[in-house]
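Two forms of the same protein chain are encoded below as structure tokens; each is given separately, as structure 1 and structure 2.
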Structure 1
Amino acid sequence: MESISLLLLLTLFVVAVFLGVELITKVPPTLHTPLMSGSNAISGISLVGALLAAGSGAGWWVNLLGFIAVVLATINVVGGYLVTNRMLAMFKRK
């Protein structure tokens, strides 16, 4: 990992942000709920990785960043499932 330059990582991050914004703006409203469910599954995987980082004992800095990642991923997963549940409730018959 040390051989990867900071400029390459920054370039990759900028390209990922640009592609993410372009893809999200092109999603029709009918596909929003299924994609939200899929992204919740991905956030669940990142939550497991954040838990591993937070408990790795590799130093206080890694533990702090892991804890922040756990908090943010948990908010993302819970919020995503609440939004998905609310959207699916709109399609139920009364």
Structure 2
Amino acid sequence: MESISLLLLLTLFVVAVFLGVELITKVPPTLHTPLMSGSNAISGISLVGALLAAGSGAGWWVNLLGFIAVVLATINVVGGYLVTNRMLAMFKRK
């Protein structure tokens, strides 16, 4: 990887951390549990990396490891969004 692209990725990382800190401090304590399950769902974005490994032509072992990663990340995405939605619906109704 060229050093300039590494620097760009690092910049992205640091800026995203600062943005995250600014945003999260504004979330009220009453929503902290849905925030955690919702962020679990977001960290399921590793599904993107898992798909690339599970579908690559790099051989059976790579595909198998990718498959396990797809299963775990999909549980996070599906389970995370659904359970967050279920909890938030409880907060919404009066």
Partner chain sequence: MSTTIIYLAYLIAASLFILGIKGMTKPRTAVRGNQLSALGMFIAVVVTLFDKNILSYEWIIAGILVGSVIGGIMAVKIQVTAMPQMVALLNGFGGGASLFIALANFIDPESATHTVALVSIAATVLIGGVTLSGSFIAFGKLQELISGNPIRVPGNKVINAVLLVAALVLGGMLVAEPYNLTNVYILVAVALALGIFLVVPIGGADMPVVIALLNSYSGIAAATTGFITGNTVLIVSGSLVGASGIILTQIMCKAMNRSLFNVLFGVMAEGGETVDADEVYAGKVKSSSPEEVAMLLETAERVVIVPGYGLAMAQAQHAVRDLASILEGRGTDVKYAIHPVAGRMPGHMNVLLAEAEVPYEQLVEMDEINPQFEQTDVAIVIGANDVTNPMAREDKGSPIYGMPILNVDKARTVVVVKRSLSPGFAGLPNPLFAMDNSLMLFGDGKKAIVELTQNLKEAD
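Residue positions are counted from 1 along structure 1's sequence. Basically, rigid core = biggest C-alpha set you can superpose within 1.5 Å across the two forms. Treat the numbers as computed from the prediction; the structure is a model and nothing was measured.
Form selected (criterion: the form predicted together with the partner chain): It is structure 2; that copy is the form predicted together with the partner chain.
Answer yes if the Cα of residue 20 shifts by 2 angstroms or more between the two structures on a rigid-core superposition, and no otherwise. Result for residue 20: yes, a 2 Å-plus shift.
Core aligned, does the CA of residue 78 move at least 2 Å between the two structures? No, residue 78 moves less than 2 Å.
Having superposed the rigid core, state how many Å the Cα of residue 10 shifts between the two structures. Reported C-alpha shift between the two structures: 22.6 Å at residue 10.
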